[in-house]
Each structure stands twice: as C-alpha cells, then as structure tokens.
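Starting off, we have a lone chain in the form predicted alone, written out as structure tokens.
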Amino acid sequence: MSSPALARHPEDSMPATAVAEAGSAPAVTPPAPPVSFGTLALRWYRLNRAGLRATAIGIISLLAFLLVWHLLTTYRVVFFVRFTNVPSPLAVYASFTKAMHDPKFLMHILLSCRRIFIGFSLAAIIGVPLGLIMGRFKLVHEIIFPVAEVLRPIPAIAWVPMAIMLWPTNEQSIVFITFLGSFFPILVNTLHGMSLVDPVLVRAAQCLGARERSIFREVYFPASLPHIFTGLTVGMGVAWVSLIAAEMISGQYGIGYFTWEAYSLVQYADIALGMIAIGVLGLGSSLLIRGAGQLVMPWRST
C-alpha cells in the first residue's frame, strides 16, 4: 500500500521560493555599450605617449635644422665657417627630384647597398662566432687577439692600396674594405659580452649536466646577445664610413663615388644630396639591425 506522501513528485516537497527560483529563466546580462572612437583614441594616445612625444620633438628639430640651413645659405653668412658656396635646401631638393628620374643615381645607391650587405654579412658571420670562441677558450684568445689588436687601429683608407693589390677587381677590394670596417667592432663587442657572462650561470648549467654545446646555446649566447647587437650597430656605421672612403678613392660606381664626382664637377647641390643619401641609408640599415635585435631579444623591450 503506497502512501500519498511517497507518490508526490520531488518538486512538491521543495519550498515555494526554491520552486520559483528553479522555474524562473536565467537572468540575461544586457550587452555592454560599444566603446566610442574617442575612448579608443584616448587609450591609444596614453599607451603611445612617449613615442609620439619623441617623434614630435624629432620633427621639430629637423624643421629647425632646415630653417637654420636655409637662412645661413640665403644670406651667405661668413662666421668662422663660410656658407657662400653651400647649396640651399631648395637647391638640394631640386637636385633630388632630378636624380630620382636618373637611372644612374639609383644604380649608385643599389651598388653601395649591395657592397654593404655582402661586406657586413661576412663580418657578422665570421666576427660573432669567432668572438664567442675567443671568449670561451683562452688559448684561441691568446693566439688571435694580439693580431686583431694590431690590425684594428688601421683606418679603412690605409687599406685601399693593399686591397687593390690583394684582390683582382675594384668591386672585391671595396667589399673587403667594408668587411674590415665592420669586422673589428663586431669582434670586440662580442668579446666584451662574453667577458661579462655571470660564471654562476655557467657553473649552474654544468651542475645540471649541460654539455659544452648546451652551455654555449643556453648561457653564453643569450647573455652576449645585447653586446653582439651593439657591435652589429656600431659595425654597420663603420662599414658605411669605410665604404664611402673606398668608393671615393678607387670606385667607379656607388654613392661615395657620386659624391666625389659631384665635387670634381663643382656640382654643390649633388654633393649635399650624396651626403644626405649616405645618412639616410646608414640610418635605415641601423634601424633594421635594432628591429632585428628587438625580435631576437623581446625581453629587452619590457
């Protein structure tokens, strides 16, 4: 015999409030209002305030430099330095618009960039591993370092006659001089980075059973990367200096030869154009190295 209490459903034994809560639909959260464009712009400005400030100051400084240059050349100022024959910014701009339609000027730039790429790449490929090995193994350091220190102070211009005798073509000799200009800064900075590696990290890796290859890959190389990229940046600047010197003396093409030829032909606006082109190309190549450093070392930007 069944009792009426046993025949009731479970919902009947629940309190009224619980039944009401269980039977009610879940509360729907109203959608958040869309963020306005002004709010997004304000957030972006706050995140990039420092970069925008640096950019604005840089633009103002460049405009001020152009204004001073224009005034000095317009009024032919002579005050210790003579600006009587210096071309004005407008004359240089006119020369630039003319050169952009000249395939020969573009060929000068492309050849200089190719020489820089080959010479600098060879210097980085040889200088970085050699610096790591010299920093790790004392015997290798004792053998190579004295020779490097004797050759390092020799300027690039002094290497021009020797490079012409060593290499069969002017192109190879110019690339060789560019290589020498960037090799020694890369080597010295890599050595400096290796000397600053914390020996505690090396002993810790050895205690954990790491072999020599793993220690190089996991300890020495990451710890030396900031100094390696410093050497690459400095080496790129010295490479451009060496390249321009070599092109002025022994080259037949290149932005350095273009600048020297403009001086020989008394084309003052082209001289300034060549100098500005060298500065812009050097700045662009250095920015590429710094960008690569930020990609390889993301912890440095935090």
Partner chain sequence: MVRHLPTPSIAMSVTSLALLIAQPASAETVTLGIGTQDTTTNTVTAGVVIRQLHLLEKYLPKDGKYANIKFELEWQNFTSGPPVTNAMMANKLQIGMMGDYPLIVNGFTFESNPESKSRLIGVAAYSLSGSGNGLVVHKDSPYYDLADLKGKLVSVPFGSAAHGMVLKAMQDRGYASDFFQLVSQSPEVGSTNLQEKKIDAHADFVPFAELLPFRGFARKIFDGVETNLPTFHGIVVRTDFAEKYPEVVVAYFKAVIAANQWLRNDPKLAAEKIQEWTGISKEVVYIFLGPSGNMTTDPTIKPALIDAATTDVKVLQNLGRMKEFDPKKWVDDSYIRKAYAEMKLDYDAQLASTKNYEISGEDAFCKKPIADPRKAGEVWVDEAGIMPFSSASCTLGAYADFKSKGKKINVAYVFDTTRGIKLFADQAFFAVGNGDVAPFLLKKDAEAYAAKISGKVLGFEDAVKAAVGGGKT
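Numbering follows the first chain given and starts at 1. Rigid core (definition): largest C-alpha set, two forms, superposition within 1.5 Å. The shown structure was predicted, so the numbers you read here are calculated from the model rather than taken from an experiment.
Although not depicted, the form predicted together with its partner chain is the subject of the following passage.
In plain terms, the part of the chain that comes close to its partner chain in the predicted bound form, with a heavy atom within 4.5 Å, is 165 to 173 out of 165 to 173, 146 to 154, 179 to 187, 227 to 235. Distance criterion of 4.5 Å from any heavy atom to its partner chain in the predicted bound form singles out Gln252 from the list Gln252, Asn48, Ser61, Thr39. Remark: Ser195 does not count among the residues lining its partner chain in the predicted bound form, judged by a heavy atom distance of 4.5 Å or less. Although the partner is absent here, Val241 lies well away from its partner chain in the predicted bound form, with no heavy atom inside 4.5 Å.
Using a 4.5 Å cutoff between non-hydrogen atoms, Ile57 does not count as a contact of its partner chain in the predicted bound form. Looking at Pro161, you'd find a heavy atom of it within 4.5 angstroms of its partner chain in the predicted bound form. Residues of 248 to 275 lying near its partner chain in the predicted bound form, listed in sequence order, are Met248, Ile249, Ser250, Gly251, Gln252, Tyr257, Glu261, Tyr263, Ser264, Leu265, Val266, Gln267, Tyr268, the criterion being any heavy atom within 4.5 Å. A movement of the C-alpha atom of Gly251 reaching 2 angstroms or beyond is seen between the shown form and the other one when the two forms are aligned on their rigid core. Once you line up the core between the shown form and the other one, the Cα of Pro129 stays within less than 2 Å of where it was. Compared with the form shown here, the C-alpha atoms of Asp102 and Ser250 sit at least 3 Å closer together in the predicted bound form.
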